[in-house]
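In the structure tokens that follow, a single protein chain appears in two forms: structure 1, then structure 2.
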Structure 1
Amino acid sequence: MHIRSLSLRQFRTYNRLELDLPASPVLLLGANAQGKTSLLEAIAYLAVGRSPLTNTDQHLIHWRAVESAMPFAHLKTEVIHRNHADLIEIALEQKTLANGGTRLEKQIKLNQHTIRQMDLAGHLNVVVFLPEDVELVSGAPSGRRRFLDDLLSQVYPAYVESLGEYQTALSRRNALLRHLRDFGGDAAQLAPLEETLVQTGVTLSLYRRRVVKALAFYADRLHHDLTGGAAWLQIQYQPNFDPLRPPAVDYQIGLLPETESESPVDLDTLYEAYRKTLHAQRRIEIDRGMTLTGPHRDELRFISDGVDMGTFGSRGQQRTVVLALRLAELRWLEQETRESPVLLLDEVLAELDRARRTYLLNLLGNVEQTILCTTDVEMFPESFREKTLLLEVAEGIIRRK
């Protein structure tokens, strides 16, 4: 798939933007703080209804518009698929309430019909690579869980459904645990919530296991090539509750756990094991006032040549791991959706040496549409620039170069 047109009103630095894009690489040139990243952000926002850079949608509205009487932002894109086209629109409007506060109204439309955010899945798939993505490897586990959630949500509505139900049941159970600790009450109220956690939690866990297995397969090869054949990469899914193996997978760095047994286990056995664990933990969890078992505590680790990259990798090694991971994500999306997602790369070349740069640019030849940002056009060889649409970004205005 590719983006044919993009239209922005009062989004970040863009007061007004109308842009037509080709099904080929697009290179955005410009100094810092001119709006290159905001353009990628707009496309990612249209894809999933959530910004990769902020959780506060209010920040997306142009700063000057925020001071106007009726602040709003509007984003629109036309996406071309193999046999059809989709028109995606998102409108943000900041309303002032009678009590002086403000409320943000968000409306998402697909082909002129209002839809829920979760129903955006599959109409525009993107893979975004930002410089701060290195946090994925070095940062907190919640970032890695969000990575898995976002990726799976782009493809499987059933995953989104289970994730929502899981999170609601989890918040309820935690509130109930605290209430039981502080005021007492009937602990049997936990059981229906645990049942929801069991059913949806196993679903989440199985989806995650499947996607990590595929990502690990692609990323291993890509990492090997990106490092000029120097290092392989292992991606390990470490479910907090793993019904395939008994819990307590506390391994030491450098000591890899033995290969997973992939013997199929029937769902009822999984449910039962999970149910028992939750039940057995009740007393401890009431004391702590929180649920300690389940996919909300899953972990994902990146191991290269026996070394955990999150803890011991250099900045450069971590960047290579993330790049391999993003490219693996691209391959997986192609595989699952039978369509090429749109690839958004922000300042990645600057971080790579010449050999890796060439490898990456060659790879882009197979992607339907890649949109890249750079401050330095010289980093791209002549042969690449010839096939690429060059656009100059300055103070929220885009010109053909």
Structure 2
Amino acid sequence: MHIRSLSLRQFRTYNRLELDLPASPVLLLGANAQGKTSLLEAIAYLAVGRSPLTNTDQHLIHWRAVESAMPFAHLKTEVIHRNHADLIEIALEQKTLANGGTRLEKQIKLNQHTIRQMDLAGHLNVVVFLPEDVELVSGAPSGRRRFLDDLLSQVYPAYVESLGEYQTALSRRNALLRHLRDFGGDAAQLAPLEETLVQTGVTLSLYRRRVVKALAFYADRLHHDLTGGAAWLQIQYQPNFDPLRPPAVDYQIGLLPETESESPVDLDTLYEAYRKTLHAQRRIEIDRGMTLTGPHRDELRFISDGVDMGTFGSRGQQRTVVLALRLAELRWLEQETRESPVLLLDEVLAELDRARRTYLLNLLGNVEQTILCTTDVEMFPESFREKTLLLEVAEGIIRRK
């Protein structure tokens, strides 16, 4: 798949943008803070309905629009697939309430029909590599869980639905736990919320296990190539609750994920074990005022040659792990959707040595559309630049160079 056109109004640094793009590499050249990253953010936002850089949609509206009477932002793209095209639109509008307050409303349309956010899955798939992605390895576990959530949300509407229901039930249960701690009451009130956590939490865990298994297979081989054969990579999945497996499951060298045999999953057994655990921990969780068990506490670790890269890896090693992970994400999306996702790379070459730069640029020849941001076009060899569309961005305005 590829993006044929992109339209932005009042989004971040862009007052208005109308851009046509080819099904080939695009180099976006410009100084810092001119709008390069905002363009990639807009495309990622159209793919999953949320930004990879902020959890607050209000921050996406152009600063001048925020000062107007009716602040809004509008994004639109035409995505070309193998046999059809999709038109995706997202509108953000800040509305004034009767009590004088404000509320930001988001409307998503697919081919001019209003849809839910979960229904975006599969209509625009992207892989985004940002400079801060090194935090995927060295940062907090929440970033790694979000990585899994964003990836699965691009393909499976059922995952998006389960994730939303789980997060809502978790928030309400935590609020009720604090109420029971502070004011007392019947702990049996927790049961309906726990049942939602059980049903949706098991679903999330099974999806995550499957995608980590596939990512580990691809990332291991990519990491081996990126290090010149010097190091293999393990992805260690640590589900917070899983009665059928040990606390940590290592995925390394093996058969293709889809060819490995798996034991059948007994959902009723999983549900019942999860249900009993939540019930048994009620007293502790009431005292703590929070839910301590579930996929909201899952973890991923990256191990190379027996060393935890998040704890002991150098920045260069961590960046190599992230690059292998993002390229594994690309491979997995191709496998699941039978289409090449759009690859978005922000200053990806800046911290790579010559060998890794060459390896990455050679891989891009197999991607239908790649959009790369850079402050220095000379980082790219002339042979690569000859095959790209070179655009220059300055103060939210893009021109062909």
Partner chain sequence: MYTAALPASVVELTETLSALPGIGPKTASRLAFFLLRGKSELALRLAEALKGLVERTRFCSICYNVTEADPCPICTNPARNQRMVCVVEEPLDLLALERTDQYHGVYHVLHGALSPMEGVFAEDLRINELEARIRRGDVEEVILATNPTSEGDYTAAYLLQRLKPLGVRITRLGRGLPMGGDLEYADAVTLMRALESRQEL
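Sequence positions of structure 1, starting at 1, serve as the residue numbers. So that the term is clear: the rigid core is the largest set of C-alpha atoms that superpose within 1.5 Å between two forms. Values in this document were obtained by computation on a predicted structure and should not be read as measured data.
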item	value
Which of the two shown is the form predicted in complex with the partner chain	1
Threshold 2 Å Cα movement between structure 1 and structure 2 for A85, core superposed	no
Q318 C-alpha moves between structure 1 and structure 2 by 2 Å or more, core aligned	no
After fitting the core, E194 CA displacement of 2 Å or more between structure 1 and structure 2	yes
Value in Å for the CA shift of K276 between structure 1 and structure 2, taken after the core is superposed	3.8
